[in-house]
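The form predicted on its own is given below as one chain in structure tokens.
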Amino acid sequence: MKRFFSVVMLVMLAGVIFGQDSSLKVVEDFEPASTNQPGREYPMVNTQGCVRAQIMAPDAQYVQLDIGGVKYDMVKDENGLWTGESAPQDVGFHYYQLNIDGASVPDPGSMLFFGACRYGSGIEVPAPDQDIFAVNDVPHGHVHEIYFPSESTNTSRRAFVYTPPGYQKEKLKRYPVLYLQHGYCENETSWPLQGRANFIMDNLIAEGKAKSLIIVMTYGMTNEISFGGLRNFDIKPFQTVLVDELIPYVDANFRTLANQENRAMAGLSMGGFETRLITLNRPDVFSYYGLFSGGVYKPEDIKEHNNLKLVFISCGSKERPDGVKNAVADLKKEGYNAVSYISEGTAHEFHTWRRSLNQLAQLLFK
């Protein structure tokens, strides 16, 4: 009887989730997500990219799976176990949560990630190119957690620093540096965890596709403002922290090539916006610029920028790819070394930015 009830429940769920498109049926090949806590079977993902979640909540009146800006009703069995599925999601990493009687809570089966201005659930929908950030059998670098003094904020601020394979042994070698920024409602943990920046670099370096470099990731001081007030964001406090405090600390404590020619800045979304503002304000600091879903440069913006080596602009194909392509075409007409990249099949999400980092890193410091 219980098995029959489970089958009926799954049929009901398929009707709830896919009722708007009767031609789309759930494929029953769900597997535990790679982002699950150890030993947890749920949440699960199938080959369509549908996410299935489960939670025991016998006293709850309703439970929903909230992912991709859409809430999906879940169904309770006779034991109080709720199960529900999403429509197909884009490949890559997604934040999500469960809504129980109006309260949004993390899924206890998922590992926690900082995004959407909170620590909450995240899930990986397998991508055909996920090997770019896989933990492959190659030499691995190190991710260091550091605290640097910030006189301007009267605090010790945190950053994560990736050093490439061989850094610990090659004591005389110095390296170029990429300063890499997260998006709004994220923090300095986002690129190492959601972005898997260190594994992207490990794999590229092992394949001989990228130069060995250092990556520095710190908090962009963005989350104290409300979403509606982003246009009033003042870059000056973070610019001071980055340029006048963090960069000197990194140059003093890591074996860097401490000059403009060997320094790059890039960021995703709000981090791209910060990158654009800082590189425009301080053209003497960086020679490689990267905007991932974070705006564009016009030729007149950078006409006074000496020693500018590369402008890289990217976005997902579900964002505004024509704007990116046109901006880069205009830059090329004026003689700039500009490159556009469009992540096929993705939107304003981490797989777009992982792919972007993978592409940018192959162009840096060459």
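The first residue of the sequence shown is number 1, and the count goes up from there. In this text the structure is predicted, and so the values were computed from the model without any measurement.
Beyond what is shown, the protein has a form predicted together with another copy of the chain; the following relates to that form.
- Note that among 259 to 267, 292 to 300, 105 to 113, 274 to 282, the stretch whose heavy atoms approach another copy of the chain to within 4.5 Å in the predicted bound form is 105 to 113.
- Proximity to another copy of the chain in the predicted bound form, defined as a heavy atom within 4.5 Å, holds among Asn306, Gln61, Thr47, Ser317 only for Gln61.
- The contact residue chosen from Ala206, Ile235, Ala87, Val143 relative to another copy of the chain in the predicted bound form is Val143, the criterion being a non-hydrogen atom within 4.5 angstroms.
- Another copy of the chain in the predicted bound form comes within 4.5 Å of a heavy atom belonging to Gln37.
- Another copy of the chain is not drawn, but in the predicted bound form it has no heavy atom within 4.5 Å of Leu310.
- Looking at Ile132, you'd find every heavy atom of it more than 4.5 angstroms from another copy of the chain in the predicted bound form.
- A residue is said to contact a partner when one of its heavy atoms sits within 4.5 Å of a partner heavy atom; Met56 meets this definition for another copy of the chain in the predicted bound form.
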